[in-house]
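In the form predicted on its own, a lone chain appears below as C-alpha cells.
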C-alpha cells in the first residue's frame, strides 16, 4: 500500500543518475525476503538489497537495535568511542582468524578498502597494489583504481601503482589457456607482467575470496595459498575484501576461515550492517602498531559511530541465535540443486557456480563455444521483475552474461521454489520470443535449412 502519497509524474526529475538499472516504481517498504512498491506489487528479493540485508529486510533484531541506539546515542564526536564500538570490536576479535584482531569501524566497503590500502602502503613503504580481473572494491580513489568489474573510462588516470592480474575463471579463461580446470597459469602470467612493470615499490595484493561482480568466480583449491606466497615473495601484504563473503553468505563466518588462508588485512562491510552502512578493517597487532607509529590517519565524520555498530552487534547475535551459518549451507545446497535442475532443461544455462547463498548462472548461445547470451540475460531479468523476482545480472561483454543470486540467509525452501518457478517461466518465455523473432527474420530457404 502506498503510505507516502502519490509519486511525482517523474520521480527521477530531481535525482542524479548514478549507474545501473533503476526500478520503474517507488519502493514503499521491505520485510524479510520481499519488497513492496507503490503499486502494492510484492517482489521476491534475491539480491538482499545491495547484497547487504543478509538477515532479511527490517529484521526485528535490527529494528530493536536501531531503537536502542535512538535511546542512547546516534552519533558522536569522532574521537569519542561508544560502548557498542568496543563490544563489536571485541566480538570481531573472537571470531576472526588469528592473528587478526584490531578493528577500525567505518561506513562503506569503499572506505574500508581505502583504509586497508593506505595501511598497506604505510606499513610496507611501497605504493604498488595488485587487484584481480573482475574485482570490485569500491568507487573511491585507491579502491576504485584496483576495481576491474566497473567502467573505468572517462575519469582520467587512476592511482599510480595500480595493477591487475587475470582472474582464475576456469569457465571463461582470461588467458585462453584452461577450460573447466584452472592450473594457475593466469596467476603466473599476471605476476610476471607485474614484475616487468614494477617500479620496485610493492605494497599489497587485494582480492575477493569469491569474485562476485566479475561473475561469481570461485577460485580453485590452493589458489589463495599460492597468491599469498607470491605476495610474500615480493614483500606485499595480502588484503581479503570480504564485503560479500563474510558473516554467513558462504556458510562460514569468513571465507578466510574456510580457505585456511589468513590475510594480513581483512575488510568487511555489506554483510555486517544488516542493511545499515557499516564496514570494518581488521588487522594484526603488529601492522596496527607500526601504522600507528608512522602516523596512520583515517579520521572520518562517522568513524566509530554508535548507531551502525549497535546494529552490527545485533547482526552477529542474530546469525548465532538463528543458526544462520548452518542455514546458509543448507539453503545454499537446496538452491544449487534447483539451479542444476534448470540447467538440465535449458541449454542456454552454460554454467552454475558459487558457494552457500552466493550463486552465479552464466547464459550462453551455445555450450560448446560459450558465446555469452547478453540479450537473453537482460530480457529475462526484466521479465523476472515483471513476474515478481528481483535478480542481478552482470553484462560486461568480456565476462559473459551472469546472474548473481544472493537471497537473505533467512530464505526458505518455499521462497527458493517460487524464485525458480518465476525464473523458469521468464527464461522459457524470453528464449521462445527470441527464437520466434530470429525465425521471422529469415528467408524461406534459411528456415527450411
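Just so we're clear, the structure is a prediction, and the values are computed from it rather than from any experiment. Positions refer to the first chain, counted from 1.
There is another form of this protein, the form predicted together with a small molecule, and it is not shown here; the text below is about that form.
In terms of contact with the small molecule in the predicted complex, the residue from 123, 247, 224, 136 that brings a heavy atom within 4.5 Å is 136. The listed set 128, 208, 362, 264 contains one residue whose heavy atoms approach the small molecule in the predicted complex to within 4.5 Å, identified as 208. Segments offered: 137-145, 197-205, 364-372, 304-312. Contacting the small molecule in the predicted complex at heavy atom distances within 4.5 Å is 137-145.
Mapping the unseen interface onto this chain, residue 108 counts among the residues with a heavy atom inside 4.5 Å of the small molecule in the predicted complex. Although the partner is absent here, residue 149 lies well away from the small molecule in the predicted complex, with no heavy atom inside 4.5 Å. The small molecule in the predicted complex is approached by residue 243, whose closest heavy atom lies within 4.5 angstroms of it. At the 4.5 Å threshold, heavy atoms of residue 113 reach the small molecule in the predicted complex.
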